[in-house]
Structure formats: C-alpha cells, structure tokens
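The data below hold one chain only, encoded as structure tokens and taken in the form predicted alone.
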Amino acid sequence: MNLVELKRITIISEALLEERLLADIRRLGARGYTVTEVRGEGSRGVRASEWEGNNIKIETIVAPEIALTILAWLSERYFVSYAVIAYQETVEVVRGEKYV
C-alpha cells in the first residue's frame, strides 16, 4: 500500500460563512471537503445564543502548495473581521490522486 503525504487544512468558523468559505477553498484548488458542526471556546469566548448559528469545521486535504494558498487567503480575507481559525497538519493518505 502506498501512502501519499499531503496537508489537511482545518478551518473553524461561524456557520454563516460556510458557503463563502467552501466556494473559496474550491476556487483555490481543494477538490473536496467535509463539514461538521462543532462547539468550543476560544479567544472570542463561548457563543451565548443560537441566533448566530453554530460553528462549523471544514476539513480538506490538499497538496502542500495549495494548503499555503488557502491559509494565506484566509489570513488576508477573514481573520481580522470574523471568528475564523485555520491550521494545517501533515497527513498520509491512501489513493493520494483523489486529492490533487
């Protein structure tokens, strides 16, 4: 079995940004993604009401150069104005051709 080393980008944000973030990561080169609802506490505190909607976690596996492009885009466009965090991890995947 061959494993291919790629990057998993994880983005946690306000749910209202979901469609916009998904469109951005697809446009920047991601071929797929997984979205889940999440909760937690961070530098902006715990959400006190449901009217804002839940938080989401978007995960995508991409080539290293695309990971850097996505992280740079998020940093430039979202970090200042929205409750968005993002990070990358190195992962080893089976059928690596599905992701690049």
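Numbers follow the displayed sequence, beginning with 1. Please read these numbers as outputs of a predicted model, since none were measured by experiment.
As for the form predicted together with a further copy of the same chain, it is not shown, yet the points below apply to it.
Quick one: is residue 62 in contact with a further copy of the same chain in the predicted complex, heavy atoms, 4.5 Å cut-off? No - in the predicted complex, heavy atoms of residue 62 and a further copy of the same chain never come within 4.5 Å of each other.
Looking at the partner-bound form in the predicted complex, is residue 94 within 4.5 Å of a further copy of the same chain by any heavy atom? Because a heavy atom of residue 94 falls inside 4.5 Å of a further copy of the same chain in the predicted complex, the answer is yes.
Even though the partner isn't displayed, in the predicted complex is residue 71 close enough to a further copy of the same chain, meaning a heavy atom within 4.5 Å? Close contact exists here: in the predicted complex, residue 71 approaches a further copy of the same chain to within 4.5 Å, heavy atoms only.
At 4.5 Å between heavy atoms, is residue 35 in contact with a further copy of the same chain in the predicted complex? Yes, residue 35 lies within 4.5 Å of a further copy of the same chain in the predicted complex.
Using the arrangement in the predicted complex, list in sequence order the residues of 1 to 17 with any heavy atom within 4.5 angstroms of a further copy of the same chain. Sequence-ordered list: 1, 3, 7, 8, 12.
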